[in-house]
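Just one chain is shown here, as structure tokens, and it is the form predicted on its own.
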């Protein structure tokens, strides 16, 4: 999996390409938690080019969300393919995480 990290104003953006699974989630987790340690409080994860997410990937998203909420941070997910979004809906993550259709919407909500 490829993780492209950019910043717009004070918002950290992670664009994921490939598969977020048990093999790749530790790298993504490290990037997110390093950013939180460095003071990031607003993050967007762009799933536009993510082809697959496993429970290991969901766990990273959940841990990051909880960690950011403790510091009044914000975590927004965007641009999911239908089958990736379905994983979030089935797991119930869509009830506590903002999931929006486009990057522009994510920037507004961050």
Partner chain sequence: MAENRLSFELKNRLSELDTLEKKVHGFAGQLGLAEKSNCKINLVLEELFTNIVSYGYSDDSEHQIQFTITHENGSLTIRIEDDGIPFNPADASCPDLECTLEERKIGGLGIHLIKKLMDDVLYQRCGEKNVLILKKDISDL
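Residue numbers count along the first chain shown, from 1. Small disclaimer: the values here were computed from a predicted structure and weren't measured.
We do not show the form predicted in complex with the partner chain, though everything after this point is about it.
Asks: At 4.5 Å by heavy atoms, is each residue in 7, 42 and 71 next to the partner chain in the predicted bound form?
Replies: No: no residue has a heavy atom within 4.5 Å of the partner.
Asks: Is there a heavy atom of residue 65 lying 4.5 Å or less from a heavy atom of the partner chain in the predicted bound form?
Replies: Judged by the heavy-atom cut-off of 4.5 Å, residue 65 is in contact with the partner chain in the predicted bound form.
Asks: Using a 4.5 angstroms cut-off on non-hydrogen atoms, would residue 59 count as touching the partner chain in the predicted bound form?
Replies: Yes - in the predicted bound form, heavy atoms of residue 59 and the partner chain come within 4.5 Å of each other.
Asks: Although the partner isn't part of this model, could you tell me whether residue 49 comes within 4.5 Å of the partner chain in the predicted bound form, counting any heavy atom of the residue?
Replies: Output for residue 49 is no: heavy atoms all beyond 4.5 Å of the partner chain.
Asks: Even though the partner chain is not shown here, does residue 53 get within 4.5 Å of it in the predicted bound form, heavy atoms only?
Replies: Residue-level check for residue 53: yes, a contact with the partner chain.
Asks: Listed by sequence position, which residues of 76-93 have a non-hydrogen atom within 4.5 angstroms of the partner chain in the predicted bound form?
Replies: Result: 82, 83, 86, 87, 90, 91, 92, 93.
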